[in-house]
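Consider the single chain below, provided in structure tokens and representing the form predicted alone.
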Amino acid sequence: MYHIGIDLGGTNIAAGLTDENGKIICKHSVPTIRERENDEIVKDMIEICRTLCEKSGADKSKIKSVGVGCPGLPDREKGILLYSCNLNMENVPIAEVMQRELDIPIYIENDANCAALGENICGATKNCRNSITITLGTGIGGGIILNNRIYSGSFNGGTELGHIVIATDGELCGCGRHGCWEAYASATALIRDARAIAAKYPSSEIYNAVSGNIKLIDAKTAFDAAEKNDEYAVELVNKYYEYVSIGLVNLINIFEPEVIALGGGISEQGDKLIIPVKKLVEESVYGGVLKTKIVKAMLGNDAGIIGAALLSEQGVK
């Protein structure tokens, strides 16, 4: 039997056909074009499922389930995407529409939870009963696995980990509040701060790296400048490590997972990120002894597809 996992993103709808162990056999993607009507996006997800069957040669009768990882707040039991600000979706009955067209059981879940499940099934947190996967990207996404199952709170809106507050009356977050972890430790936050430094200090390596075109600065620009021992970049990156560590310490103090996996574009820095962050966490974690492993996530963009594909094995529709 096979499964299909769909990662519904703001830019692309990515999907894969997997076996029962989460191995991706075939992939396909199309642009989301999020300005469209909701039903057009759902139709594309239906067509992707059909395309995967055609490309792989898998008979539809062999597809055990389809899972959809959605940004925002899904109602897993009813199969409805209650709200997604990134996609301008509200109360969209994804499971009902897709199941009617495909005649296959449909499961939906938050996309960050799907990524955490994917890493738990065959990635960086495999064989861990309790783990957390954090995505350091445009925002901060997070998924928690407790006793080998997705934890999403009592009302489907739990584990919005990017919105734990680390600075009272701090930076304005996209959610409308101030001081959220996401407003300090996301790639967006690092880029904001790097551009501010470049504007203030034209002698900095950050400024020179883009020949003064501040709009070209990305997160990698900051890390590359720090590698060249630019004093402004070094200070910026060290402060960024501190922001990441504050959130991780909070999560470890609450959940004490076996492993925390860091994913997203920032995680491509590898040990340049992991080693200093781990040191800072060790200095601040409750009890002074860090037992939780902090590692780089392994599956990249495939994590969400794999986790979505195997949602049916979680036993919640």
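Start at 1 and count along the sequence shown; that's the residue number. Note that the structure is a prediction, hence the values are computed from the model and not measured.
The form predicted together with another copy of the chain is left out here; the points below concern that form.
Worksheet item: Within 4.5 Å of another copy of the chain in the predicted complex, do Asn130, Gly153 and Ile164 each have at least one heavy atom?
Response: The answer is yes: all three residues contact the partner (heavy atom, 4.5 Å cut-off).
Worksheet item: So which of Ile144, Ala95, Val237, Ala189 gets a non-hydrogen atom within 4.5 Å of another copy of the chain in the predicted complex?
Response: Contact residue from the list: Ile144.
Worksheet entry | another copy of the chain: the contacting residue among Glu160, Glu171, Glu227, Asp218 in the predicted complex [heavy atom, 4.5 Å] | That would be Glu160.
Worksheet item: Though only this chain appears here, would Glu258 touch another copy of the chain in the predicted complex if you measure heavy atom gaps against 4.5 Å?
Response: Flag for Glu258 set to yes.
Worksheet item: Taking heavy atoms only, is Lys291 within 4.5 angstroms of another copy of the chain in the predicted complex?
Response: Although another copy of the chain is absent here, Lys291 would touch it in the predicted complex, with heavy atoms inside 4.5 Å.
Worksheet item: For Arg100, is any heavy atom within 4.5 Å of another copy of the chain in the predicted complex, or not?
Response: No.
Item to complete: State yes or no: in the predicted complex, is some non-hydrogen atom of Ile246 no more than 4.5 angstroms from a non-hydrogen atom of another copy of the chain?
Response: Yes, Ile246 lies within 4.5 Å of another copy of the chain in the predicted complex.
Fill in: Which of 55 to 63, 42 to 50, 262 to 270, 279 to 287 lines the interface with another copy of the chain in the predicted complex (heavy atom within 4.5 Å)
Going by heavy atoms within 4.5 Å, the stretch is 279 to 287.
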